[in-house]
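Next up: a single chain in structure tokens, the form predicted on its own.
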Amino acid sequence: MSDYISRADLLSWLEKVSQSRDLVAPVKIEDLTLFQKVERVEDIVFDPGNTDLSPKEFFFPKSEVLFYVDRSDGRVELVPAEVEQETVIFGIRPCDAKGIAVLDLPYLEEPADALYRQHREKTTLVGLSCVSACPECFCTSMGTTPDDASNVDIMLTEVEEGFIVQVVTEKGKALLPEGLLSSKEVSPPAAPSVASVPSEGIAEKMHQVFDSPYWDRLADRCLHCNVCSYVCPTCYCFDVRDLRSGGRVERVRSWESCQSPGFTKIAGGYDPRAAKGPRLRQRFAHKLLYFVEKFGVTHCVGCGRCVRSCPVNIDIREVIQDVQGLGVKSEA
């Protein structure tokens, strides 16, 4: 027997959730599927594929005020930003939930980022397991699976006329009212088959090909449009600016990319990654080498969004395969 909820009861419950919390879920915006704050639960889409963007921005917003300086009343006061509203993110796929767990590693490492921690503490994740896989998906090679419930508070698996419900954490249990779930003899569908990428030992191979001309050749194709960084559920590069807003000064953090010209420029004008090759190498070295050495996991969850979005068809799956092959040649 499994805990079960019908689709009608699920939507009714989500309607009640939206009355006391911000409810964020996948919705259609023209031809895109995006996570947005939901005003009507009828707008939620249950497409089998992944969304065009991950819900990363609800923990690491595109732009947010970190603090502001108040100079009123003849005094100067630094006022930190605070997250006040509780949020429920519904319909997050396992790869994107893994992406949030990956972001936790640098942002919650002490000294933790206070604003990010508030976003995490005030957000409950309701996952939706994948019943089919996109052609670009390779999540099983990056440490997760289409039905992985380990990084959400509640996991739903779609079955006929409803969903199997798996309560994972105390936070998830607290969100569900008594009597909402029923017991039903129903079996989950088989997890979809996902493409495999030879990721084992990739950090060592990245070391071996670090100075290879491969990166310059690959960079000849790259436009440095930054779309790979912006669609990625784990990229977290940012820039900080101080802006005047009325009578106060705000410190604002906004998304940036290591692929941007001048991102690494330092005082005096020197840029250690001025050329395109080193910048492109930095992207893959961060994901497949530096992050692995520091935190023990790849900085990629295999969602395939960068593969789908790149206008010049730079494919991280092919890069991993190329690096593995070049690493073997360097050993010979």
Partner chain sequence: MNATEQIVAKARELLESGTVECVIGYERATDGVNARPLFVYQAEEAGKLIFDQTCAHNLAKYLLNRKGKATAIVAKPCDVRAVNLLINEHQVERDKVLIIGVVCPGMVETKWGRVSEKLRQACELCREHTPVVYDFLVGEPGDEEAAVEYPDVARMEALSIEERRAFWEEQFSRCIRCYACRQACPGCYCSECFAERLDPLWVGIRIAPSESWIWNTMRAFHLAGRCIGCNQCERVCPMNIPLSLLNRKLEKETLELFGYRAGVDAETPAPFATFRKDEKLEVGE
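Numbering follows the first chain given and starts at 1. This structure is a prediction, so every number in the text was calculated from the model and none was measured.
One more form of this protein exists, namely the form predicted in complex with the partner chain; it is left out here, but the text below deals with it.
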| item | value |
| --- | --- |
| Contacting member of 174, 108, 243, 78, with respect to the partner chain in the predicted complex [4.5 Å, heavy atom] | 243 |
| Contact residue in the predicted complex, from 38, 285, 307, 292 (heavy atom within 4.5 Å of the partner chain) | 307 |
| Segment that reaches the partner chain in the predicted complex - one of 148-156, 78-86, 97-105, 235-243, heavy atoms within 4.5 Å | 235-243 |
| is_contact(residue 223, the partner chain) in the predicted complex, heavy atom dist at most 4.5 Å | yes |
| Partner contact for residue 196 in the predicted complex: the partner chain, 4.5 angstroms, heavy atom | no |
| Exercise: residue 273 in contact with the partner chain in the predicted complex, heavy atom 4.5 Å | no |
| 4.5 angstroms heavy atom contact with the partner chain in the predicted complex for residue 136 | yes |
| Contacts with the partner chain in the predicted complex - residues in 299-323 whose heavy atoms fall within 4.5 Å | 307, 308, 311, 312, 313, 315, 317, 318 |
